[in-house]
Ligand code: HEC
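This document opens with one chain alone, in structure tokens, the form predicted alone.
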Amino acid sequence: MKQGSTFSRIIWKLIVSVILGVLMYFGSGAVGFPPAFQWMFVSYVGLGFLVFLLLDAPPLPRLSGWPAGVALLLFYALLSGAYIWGASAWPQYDPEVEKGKIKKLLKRKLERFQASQGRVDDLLQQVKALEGASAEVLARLSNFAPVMATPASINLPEGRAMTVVDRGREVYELYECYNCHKLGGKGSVKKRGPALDNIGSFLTVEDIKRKVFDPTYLYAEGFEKEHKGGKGKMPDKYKELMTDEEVMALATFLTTLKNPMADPPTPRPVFVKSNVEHGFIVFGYVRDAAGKPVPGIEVHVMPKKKGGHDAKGKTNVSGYYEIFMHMHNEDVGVTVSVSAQNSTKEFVTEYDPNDKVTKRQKSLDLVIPSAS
């Protein structure tokens, strides 16, 4: 009878814990907590359930001597292991880092607000100046003397000595892309998104910009399940959170990542919303011997085939170029020459004419030797 009563108490505690866990999960989600915190609250309910189970557990036999010491050591080892696992499983937050990120996110809005306040003050000062000047104008009307207007001062935003690539790395950290992607072996501990160490060998700046604003544009090979839905899918909130400047800087930074030997490797992209059968894209960076980007330089792309037509484009401020060539299924295996000033490289087009999901493109960086 006592055993049945104990079992019934356990069942009731389990039912109450399940109800509380469901309420905590959906309640915390409704007020805006991220999924990590929702599951954290549910785990607290589970811990409470275990504590109440221990209250009904029969007493353990009394231990003494060395068995008691061994039991104590095992207990602390189990407890320490649970704490270490829990600490590594949940996201780690440094309040100072988070405050810094929030400050950067709000900086632009604060600057706009301060600028608007400054403009109001400027207008009030101009009104007062006009009131004082009106009397002078009336006094000089008899002489029809022209009054020269003073141009208004222009308040330029505070600038920083930072390249576009540096800015893109800052955006990567600011929006915590490392929560889902590994970079340099650091980042997400779960399979949420692909590693990005070699992403610059597969995607152009435009591809990355479109992926950020439209996650359904493409997915990484091996991440089909995450792409179709569930909590592993890339969020579509960035089109509302990120500015065009931020996503451009982020895309520029990511296209500089070209490490094919990284572990884990970056998987190839599978394009869902792109016609890959027509055309071939050559993209990359032009730098000088010191590794600095060379902007505004013309890059020529020429397929070495009968009737082949060259294409050309110019590098942007980051030394990045992106050139589209008209090529067809039968052009696989054609040698293509890419040149900028006195630097030239060649490659052979490689693609499967029957492949409808892999974009036909080649990442190729050029180095312009220093003038002797």
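None of these values were measured; they are calculated from a predicted model. The first residue of the shown sequence is 1; numbering continues from there.
What follows is about the form predicted in complex with heme C, which we do not show.
Heme C in the predicted complex comes within 4.5 Å of no heavy atom belonging to residue 301.
At a distance threshold of 4.5 angstroms between non-hydrogen atoms, residue 286 is out of contact with heme C in the predicted complex. In the predicted complex, no heavy atom of residue 293 sits within 4.5 Å of heme C. Although the partner is absent here, residue 218 lies within 4.5 Å of heme C in the predicted complex, judged by heavy atoms. Checked against heme C in the predicted complex, the residues 260, 235, 184, 279 give one hit for a heavy atom within 4.5 Å, which is 235. Comment: 209-217 is the region of 209-217, 67-75, 98-106, 293-301 lying near heme C in the predicted complex, near meaning a non-hydrogen atom within 4.5 Å.
Using a 4.5 Å cut-off on any heavy atom, the residues of 237-264 that reach heme C in the predicted complex are, in sequence order, 238, 242, 250, 254.
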